[in-house]
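Before any questions on how it binds or moves, here is one chain, the form predicted on its own, in structure tokens.
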């Protein structure tokens, strides 16, 4: 049953040191505010799972919070590499991070398997690819019916998943519109799920029947954080802040500048600051 609580409380009560955690979003609805709260609270030894780690994972890696990343693509979308992740992998600064790389197909199937309560995902994939040579969690299995050789990977079952969404109703049901990536499966696969939303409405009686709605019993906590996906976008509310992605490439290139930026824009900031950041990016209703 979903509870409406402040973001600080939602993060403190649901994220623990050493957890396997997914902050999911696929270009859209990235839960930046939740990550920044986790950074302020100083969690450590996290295993981060995500199909497409971008700025928020770069920030957590750079703050020394991460021991391992499980992913299928890592980069600053539309710009280039993640410089804090690269510094960690190549130079061990501020600590060395273990990486487990998969394909998009593997990660999507692993989340779906986790959502279904299965121990592994079986699919056609990795044929002709070399990832299995460096990732021992990529196995093969023979179909007992056809004899076909298939790929197999462990299911993804996070301790907690964080996502951002457009709306919650007063009962705690959550509505997601637009590109939703693997957010639905990431919530269903997790032991606990925390959602930040733009707003709370009375109900979804006027919503299109084909929209993605996560029922209240799949959600642990909901925090209202307008603008909480910035600098990514939230369909129907505000557009992507491309300038912030370009700026991050410069900020993350230097360790001292990175630390100073994090102190000013994350450590000293508050969740309510996100609303002001997206004011000029809002779309007409």
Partner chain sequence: MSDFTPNEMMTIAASRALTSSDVCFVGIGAPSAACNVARLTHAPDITLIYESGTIGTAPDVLPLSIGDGELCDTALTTVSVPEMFRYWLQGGRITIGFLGAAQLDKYGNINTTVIGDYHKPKTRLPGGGGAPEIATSSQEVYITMAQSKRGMVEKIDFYTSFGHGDGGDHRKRLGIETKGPTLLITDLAIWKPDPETKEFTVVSMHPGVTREMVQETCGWQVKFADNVEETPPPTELELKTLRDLKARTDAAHKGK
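Remember, it's a predicted structure, so these values are computed and weren't measured experimentally. Residue numbers count along the first chain shown, from 1.
Not on display, but discussed next: the form predicted together with its partner chain.
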Non-hydrogen atom contact residue 101 with its partner chain in the model of the complex at 4.5 angstroms
yes
I'd like to know if residue 260 sits close to its partner chain in the model of the complex, meaning any non-hydrogen atom pair within 4.5 angstroms.
no
Look up in the model of the complex whether residue 237 has a non-hydrogen atom within 4.5 angstroms of its partner chain, and give yes or no.
no
Do residue 207 and its partner chain come within 4.5 Å of each other in the model of the complex, heavy atoms counted?
no
Check, residue by residue, if 71, 124 and 127 all come within 4.5 Å of its partner chain in the model of the complex, counting heavy atoms only.
yes
Which one of these stretches, 139-147, 158-166, 196-204, 171-179, sits within 4.5 Å of its partner chain in the model of the complex when only heavy atoms are counted?
171-179
Heavy atom within 4.5 Å of its partner chain in the model of the complex: which of 188, 213, 152, 105 fits that? Just give me the one.
105
Enumerate the residues of 59-92 that have a non-hydrogen atom within 4.5 Å of its partner chain in the model of the complex, in sequence order, or give none.
71, 72, 73, 74, 75, 77, 78, 79, 80, 81, 86, 89, 90
